[in-house]
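Presented as structure tokens, the chain that follows is alone, the form predicted alone.
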């Protein structure tokens, strides 16, 4: 596969989208990205697995890192891409191949001037396996294997934000709540104790839970505690002796995982639970000079990021990070996923002006 970085961002987005890159199968797209970047000249291009990192070395006083994941969720009969009424439809258009295309376009545009128009040195990070378990995340692997590749004064993730600046991100954890019962023949149900029925008080407690709202740096984070899966039962004629309810807690970044887990245990007191997965969130970090300069350059008031993104990884490294991209987060992972074409062009223009303008 070959990517022509000289074409307009919308056409480039279509080309990226039409290279299938479900999580774990990003190699073909990673190859195309690596080849295209190496062909520009003036960039150091490195690779680790299916993560590709390119960087300028112009001796600028500051460095800005642009990051985006190459993978998409599984295709849902939504490839190849198509354009209808100012929208580009296809798997990953919003999350986040439009952002990947904008990154590639910026690399090509500045390469034509040998980087002379850049106010900052720039690092481009394209990585794999963001849409699956955190242990497979390509950015996590880069942190472990090549921490120095990620040095920057500001990291911008081109995650879908509909052109808004989304600051920080929520933390997340999942617990498995086990509700016991006593097995019996369903014809003699009084001899058993139905574990599924015994889960009803847990569900009622979750249904009446009052969510917390937290304002940090002017950004409003709303929390959520929800049952996301329930399983139980043995056969059609058996009273079940066990029921499991998976509960997800999305918490504001003023709490860490330990504090969040304490809150869940307190809320679900009386039930047996086990932590299954967790990730700390990231504070907005808007007081960092580099983040404040980007906000000023874009001229948009930051809002809270609902959901977890890899800004948290950069925050853990002490690097200010923000989410800013052309896709719409509300369309991510949907069968009818699309991106507004005008937002692709607008994101390229905003980032070009930011990177090329002296502060």
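Positions refer to the first chain, counted from 1. Think of the rigid core as the biggest set of C-alphas that the two forms share within 1.5 Å after superposition. Quantities reported herein were computed from a predicted structural model and do not represent experimental measurements.
This next part talks about the form predicted in complex with another copy of the chain, which is not shown.
>> Just to confirm the contact call: exactly one of 260-268, 75-83, 143-151, 190-198 touches another copy of the chain in the predicted bound form at a 4.5 Å heavy atom cutoff, so which is it?
In response: Looking at the partner contacts, the answer comes out as 190-198.
>> Can you work out whether residue 240 and another copy of the chain are in contact in the predicted bound form, taking contact to mean some heavy atom pair no more than 4.5 Å apart?
In response: Residue-level check for residue 240: yes, a contact with another copy of the chain.
>> My question is simply whether residue 287 lines the interface with another copy of the chain in the predicted bound form - judged by any non-hydrogen atom within 4.5 Å.
In response: Close contact is absent here: in the predicted bound form, residue 287 is far from another copy of the chain, nothing within 4.5 Å, heavy atoms only.
> Looking at the partner-bound form in the predicted bound form, is residue 307 within 4.5 Å of another copy of the chain by any heavy atom?
Replying inline: Close contact exists here: in the predicted bound form, residue 307 approaches another copy of the chain to within 4.5 Å, heavy atoms only.
> How about residue 182: is it within 4.5 Å of another copy of the chain in the predicted bound form, going by heavy atoms?
Replying inline: Taking the distances in the predicted bound form, the answer for residue 182 is no, it never comes within 4.5 Å of another copy of the chain.
> Among the candidate residues 178, 278, 112, 226, which is the single one with a non-hydrogen atom no more than 4.5 Å from another copy of the chain in the predicted bound form?
Replying inline: It is 226 that has a heavy atom within 4.5 Å of the partner.
>> For the stretch 231-252, I need every residue with any heavy atom inside 4.5 Å of another copy of the chain in the predicted bound form, listed N to C.
In response: Heavy-atom contacts within 4.5 Å come from 231, 232, 233, 234, 235, 236, 237, 238, 239, 240, 243, 248, 250.
>> So, superposing on the core, is the move of residue 240 at the CA at least 2 angstroms between this form and the one not shown?
In response: Superposed on the core, residue 240 moves its C-alpha 2 Å or more between this form and the one not shown.
> Would you say residue 80 moves its Cα by 2 Å or more between this form and the one not shown, aligning on the core?
Replying inline: Comparing the forms between this form and the one not shown, which are aligned on their rigid core, residue 80 does not shift its C-alpha by 2 Å or more.
> So, does residue 204 move by 2 Å or more at the CA between this form and the one not shown, with the core held fixed?
Replying inline: Yes, its C-alpha moves 2 Å or more.
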